[in-house]
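In the form predicted on its own, a lone chain appears below as structure tokens.
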């Protein structure tokens, strides 16, 4: 199917993009931002989205690249990822691979090579697909989103920014400019059970743990593909926190991954690909696998090397 007719404008800078966005909205037009286009264009072809104007921000160089990270040597160092950085660029960035092995896991199994070459991290966050790989990793790592708009710049925790199926806290006149990830422990892993055709997770889980003297002193867990948005199973994190590390502990914590979401019980998605109960079952299994591999990496076990399957 062909898309509906639309106007097209190309921005050369962030300031220019914001001006184009404001002008289109002042004319009362339904406007969408085009980054990699890997999600928006298929929706337009299916007439699930029919913007009157597309503003292409794909060439805005100031929104690309990775800065910061542990190389700065300061305690509490952060890594800032430009919103237009592609999956392929992240996959090939040695600092990302070394510092965030869970992100390397997700990038290695994310969609296909064409999507990885064009899709962007900011576009992924803005699209808010409930079955998406990277948001789970970023949630578990306590990422924040930097957003620019007509009234200035603001930051939001990713956990607050994602609000539902294809729904976020992004206002009509705002653009995601960067994702910031704080320093993270080396004990990280991402696991997913993919839908065979789309490679999207029927359930995926990211775990990030820090271990001292045989005790988990820090734990972040996030699940994707199961509910209306990626979520952090808080009961799982509470069970892991400050607990002596044992196999039964990991199993007990993983069992909560499909059972309790911050603010209430998980309401699982159910469609032709998988029922709700099956997704919850997969969430438990993927969380256990992610925790086991994260613990291996935290312990320095080389078999937990990023990207290995």
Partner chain sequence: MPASTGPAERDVAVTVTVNGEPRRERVPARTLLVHFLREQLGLTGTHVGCDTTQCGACTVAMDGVAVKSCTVLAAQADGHEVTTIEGIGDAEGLHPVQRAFWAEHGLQCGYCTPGMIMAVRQLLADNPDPGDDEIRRGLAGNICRCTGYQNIVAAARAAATMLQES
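Numbering follows the first chain given and starts at 1. Treat the numbers as computed from the prediction; the structure is a model and nothing was measured.
Same protein, other form: the form predicted in complex with the partner chain, not shown, and the subject of what follows.
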query: Which of 86-94, 234-242, 154-162, 216-224 lines the interface with the partner chain in the model of the complex (heavy atom within 4.5 Å); finding: 86-94
query: Distance check, residue 53 to the partner chain in the model of the complex, heavy atom within 4.5 Å; finding: yes
query: Contact flag, residue 13 vs the partner chain in the model of the complex, heavy atom cut 4.5 Å; finding: yes
query: Residue contact check: residue 268 to the partner chain in the model of the complex, 4.5 Å heavy atom; finding: no
query: 4.5 Å heavy atom contact, residue 256 to the partner chain in the model of the complex; finding: no
query: In the model of the complex, the one of 42, 277, 28, 247 near the partner chain [non-hydrogen atom within 4.5 angstroms]; finding: 42
query: All of 20, 35 and 118 with a heavy atom within 4.5 Å of the partner chain in the model of the complex; finding: yes
